[in-house]
Structures are given as C-alpha cells and as structure tokens.
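In the block that follows, a single chain appears as structure tokens, in the form predicted alone.
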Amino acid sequence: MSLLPAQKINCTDYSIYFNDWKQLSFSISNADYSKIICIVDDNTQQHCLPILQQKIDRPISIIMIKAGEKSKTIDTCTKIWKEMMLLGADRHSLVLTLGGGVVGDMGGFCAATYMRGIDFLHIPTTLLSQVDSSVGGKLGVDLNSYKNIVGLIKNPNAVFIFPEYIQSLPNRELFSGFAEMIKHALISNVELWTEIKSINPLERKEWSEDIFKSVLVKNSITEEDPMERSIRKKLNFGHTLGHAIESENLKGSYPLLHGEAIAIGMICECHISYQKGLLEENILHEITSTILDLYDRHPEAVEDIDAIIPHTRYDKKNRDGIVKCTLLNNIGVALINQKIEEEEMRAALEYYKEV
C-alpha cells in the first residue's frame, strides 16, 4: 500500500484524488447506491481487483471484458449493458471502471448511456490512463477499427489515481503511458520537457509527482475547453498520424499499443511542423532522438503508407474533408487546426522509416 500523502485536484464538476483510499471508500460506502458494479479486464481482475476489494466494505459485482483495443467495440458494450441488466443495475447504481484506457473509455460510455446515465468513478490502473484517458471526460468506442468514432464527453463523479497499480505493468504498457507524458511536456513548457527527458521509465521507482504534474497539464487544458472547441485540440498532438498508424496496425496479430503509435505520430508530426517551417531542425532532431532512445523502432508499422493515410480522413479534428492537425512551433508551443497535405504525411512517414 502506498504511504505517500493524498493529493487532490478540484475540477469544475468532479475531483481527481491521488493516493486516497480513504476517500474512495467513503465515496462508495457512504453513498446510497443500490448496487456497485466494477468493470475490469482479464488483467486487472487478476492484478488490481484484489487490492480494491480489500479497501471497500460494500459487495461489488464484477463484469469482465477481454483486455486490449480490439475489445473496444459496440459489441462489447452490448455485453456490458446486458450483464448490468442481469445484475439488476438501476438508475441508483454505481459503476467503477478499474483498468486502463479501454476499460475507462468503454466502461464510462456504458455507464453514461445505461438508463440515460448512471454514476461512475474512474480508477485507472495503467500509466497511460492515469495521466491521460481518465481525465477530461472523453468516453467512447472504436468503429471499424477507427478510433473513438462513437462516444460522448461526460465527466465521472471522481477519478482515483493510485500509482502503486502501475507496479504490475509490463514494460510495454509502462512506455505506452510515458508517451502521453512526453506529449504533455512538449505542448506545455520547456521545464517539464527537461524533466521528462531525464526520466528512464525502467529505473523510475516512484511516479506520484510525475503523474501529478502530467495530470495538471491535461486538466488545465480540459477545464478551459471541456468540449474541445479550441485549445483542447493541443492534446491531439501526435494523434492524427498516431491514430492512423494504430488503426491500421490493429489488423495485425501483434498490434502497436496506443502510446507506441503516438510516439511514432509525434515524430511524424514534428517532421510536418519542420516541413512547414514551423519547427527548427535542431528541435526536430532533439525530439526524434529523445523518443527513439526510449522506444523500439517499428518501421514495419509504417510500411504501407497507402493504407495508413486514408485513416486520417476520419480524424475528429477534420472539417469539410480537410485533414487538420496539431503541430509544434517550439517546445511548449502547440498550434491547433493546422491543415496538412497528403504529401507532407508521406514525407513524415518516410522520415520515420529512415531514422
């Protein structure tokens, strides 16, 4: 159990708690909920659920889904909704999402739409979900391998972050989450970027303050622009091509994790920024080398450029068929709504293959 002091970030209509088992127990046990339902995947059922069950006095009903992005579909939602009905869930029930981004996005979506919406709490268990997907209210599922096409923005009643959960993560999952921390640094300020560059995830033993700082970046942006009308689009840096690469690779037997694809996407979108004269060459090389020093090369992931580029047409930032992207003008300076051309995307993907 973590002995670190509890911390809290107050948002407009919910709070984010860190290392606060007492508050989680109070939120569940002292509320007048008719039933507590916890959505897990086959990994968090084994590694994370036993810790939660030791902390909570109330009986918890479990719904288990298969881990991985391939499970993030409407078919899985239908399975969850049907199981909620069989368990007798009503409008006075509470859903706990105990897992990574897939469990949080989809479990929250199911709770927000079941009987037109019931209460839910996020308990993210991966580094990626703790620093990114659990914050800001984005919920949804993929459709035909296109990322998060169906969904809504609705905040949970609260988010509870326990960094001790990431101790059970495989190295790939750890680095997947770290990619979003890199992104938060690149779009926010040089000081955080300098700190991030000094971290070796394999050697990091205590993540609490790093996670807290990263969540502060995301929360400050989502609080200012909750519905993604303007500056929240900064958080999509690396995601236009990153999501396209991830979507195409979902077809394979060994798909990239989200953060692995976003790491590639950040390199590519930095190169597009350089092509447009927005980013100096030395900054491009600094970002490229920093990411490549941390992440395995995956040239095979961008081998079929003709298959990857069409995925960008379904990016949610687009308008009137024009592909829009978030680019960098410098470390800490992100530019939203930047039109990018197919030739620029091709050159960027070729750049990644070459480096």
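Each residue number is its position in the shown sequence, starting from 1. All figures in this text were calculated on a predicted structure; none of them were measured in a lab.
Separately, the form predicted together with a small molecule exists; it is not shown, and the next lines address it.
- Heavy atoms within 4.5 Å of the small molecule in the predicted bound form are found in exactly one of 279-287, 140-148, 108-116, 89-97, that being 140-148.
- Only one of Thr312, Ser27, Asn43, Thr326 comes within 4.5 Å of the small molecule in the predicted bound form through a heavy atom, and that residue is Asn43.
- Residue-level contacts in the predicted bound form: of Thr240, Ser214, Ser129, Ser273, one residue has a heavy atom within 4.5 Å of the small molecule, and it is Ser129.
- Contact annotation: Cys48 falls within 4.5 Å of the small molecule in the predicted bound form, judged by heavy atom distances.
- By the criterion of a heavy atom within 4.5 Å, Asp210 is excluded from the residues contacting the small molecule in the predicted bound form.
- Contact annotation for Glu269: none of its heavy atoms lies within 4.5 Å of the small molecule in the predicted bound form.
- Under a 4.5 angstroms non-hydrogen atom cutoff, the small molecule in the predicted bound form lacks Ala31 among its neighbouring residues.
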